[in-house]
Ligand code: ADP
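Single chain ahead, written as structure tokens, the form predicted on its own.
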Amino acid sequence: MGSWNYSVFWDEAINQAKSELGDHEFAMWFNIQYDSSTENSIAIRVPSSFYRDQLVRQYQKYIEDKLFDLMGKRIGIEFIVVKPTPVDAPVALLASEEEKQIHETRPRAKDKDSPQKDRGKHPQLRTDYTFENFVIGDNNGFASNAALAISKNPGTSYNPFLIYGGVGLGKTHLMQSIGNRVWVESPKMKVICITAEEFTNEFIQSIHDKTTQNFKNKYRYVDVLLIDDIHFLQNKLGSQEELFHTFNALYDGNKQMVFTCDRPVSELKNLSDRLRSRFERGLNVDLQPPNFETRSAILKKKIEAGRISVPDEVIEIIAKNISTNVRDLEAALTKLIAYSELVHKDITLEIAQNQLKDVFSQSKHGNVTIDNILRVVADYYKLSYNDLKGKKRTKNIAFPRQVAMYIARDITEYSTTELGFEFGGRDHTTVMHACQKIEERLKLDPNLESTIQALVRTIKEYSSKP
């Protein structure tokens, strides 16, 4: 085996790859080293399973073809995962003091089927964020089914799992439901749930206190890691770097990771490409605003849990008038219940209309539809509604269409994927390109900003009309 040395051919193939792929792509994926050769294969060292999987999928055939051109015969490539030994590896898997308190002071569950009281409450999870309390509708059916599957077999599929969408749609609820289910049904598994802001603050504090090794041990040796609001990591380069290494360690160990974000990862700014690629590596699902039936079901579920009496006609008027998100629905119901308890009156339709009139008005004002945007923009530029949704790309249509997309992205909760669909079935990259074009033009044309502001005012006025 030792007599076969193809390192010269390997080095030349890699040099050619670097010149063809460019420095950026090469630096991202070719963190690899020649190891050894046999007559018909070359063994290459890679730092993680993630690198191996990406290289096999994207570059293995490319490199093998290069070697064939250089050597005149087919040589296979084998990837060997060689994990870093270093300082990152814990001496005895010691956890931080906080982690010791979390996992040593709680009572141990007897077996897999032990009820939650045997293990105690998880210190970072809300007890009301469970699958039983999550109302499934057309807007979240795929996401909730995927989350349920993950909770039954964490780390085996859909890893990482990223849930994105606007505020108040249930991202955190769904993520914590996974954590609560694993916590109850898998007593031996270690679960951590934290926001991206808390992760960043804790990382900074560990640097200050010179306890970074404890920090690494805490997060790299868990079974389920749940991180909320990863959009907070934008511009936080140090935290991104630490999460990148944490991701690799957990991915290599087949440990489950779940993240939430307020938008698709592709739209996050100032996020390193290699971390972005990891977020996109698994299953990404979006949560959309609930439809009327789902909104009604959410309100009824909340009412049942509180053991209060609310007439069906009140549930209907709330569900009809508030279509933004679950959080706004619950806030309206909470306000009604508080009023009822304080003045000792039963909730009626008249009381609901009086107490929630401002909420309803605000919701209508903020609940702008794409149709409204298209009609107002088309009218301003003397075009038809169908012109903006159609396929024509002439300048007199393309620019107003870009304005409409920019406004829609700015004042609605729609993702770029959803907007692309609403604008005649276009790809999300078209929407992103349109927003970028308008942003660039705004820097050069001050008149455009006043035009867009006037359009937004008109759209909101148009949308608030009964």
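Position 1 is the first residue in the sequence shown; the rest follow in order. Source: prediction; values computed, not measured.
The same protein also exists as the form predicted together with the named molecule; that form is not shown, yet it is the one meant from here on.
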Would you say all of 57, 140 and 326 touch the named molecule in the predicted complex, counting a heavy atom within 4.5 Å as a touch? yes
Position in contact with the named molecule when the complex is considered in the predicted complex, options 383, 135, 82, 303, heavy atoms within 4.5 Å: 135
Only one of 264, 390, 166, 155 comes within 4.5 Å of the named molecule in the predicted complex by heavy atoms, so just point that one out. 166
So in the predicted complex, does any heavy atom of residue 179 sit within 4.5 Å of the named molecule? no
Is residue 232 one of the residues lying within 4.5 Å of the named molecule in the predicted complex, judged by heavy atom distances? no
I'd like to know if residue 244 sits close to the named molecule in the predicted complex, meaning any non-hydrogen atom pair within 4.5 angstroms. no
Does any heavy atom of residue 172 come within 4.5 Å of a heavy atom of the named molecule in the predicted complex? yes
Specify the contacting stretch among 73 to 81, 126 to 134, 308 to 316, 189 to 197, defined as having any heavy atom within 4.5 Å of the named molecule in the predicted complex. 126 to 134
Closer or farther: the C-alpha atoms of residue 153 and residue 57 in the predicted complex, versus the form shown, with a change of 3 angstroms or more? farther
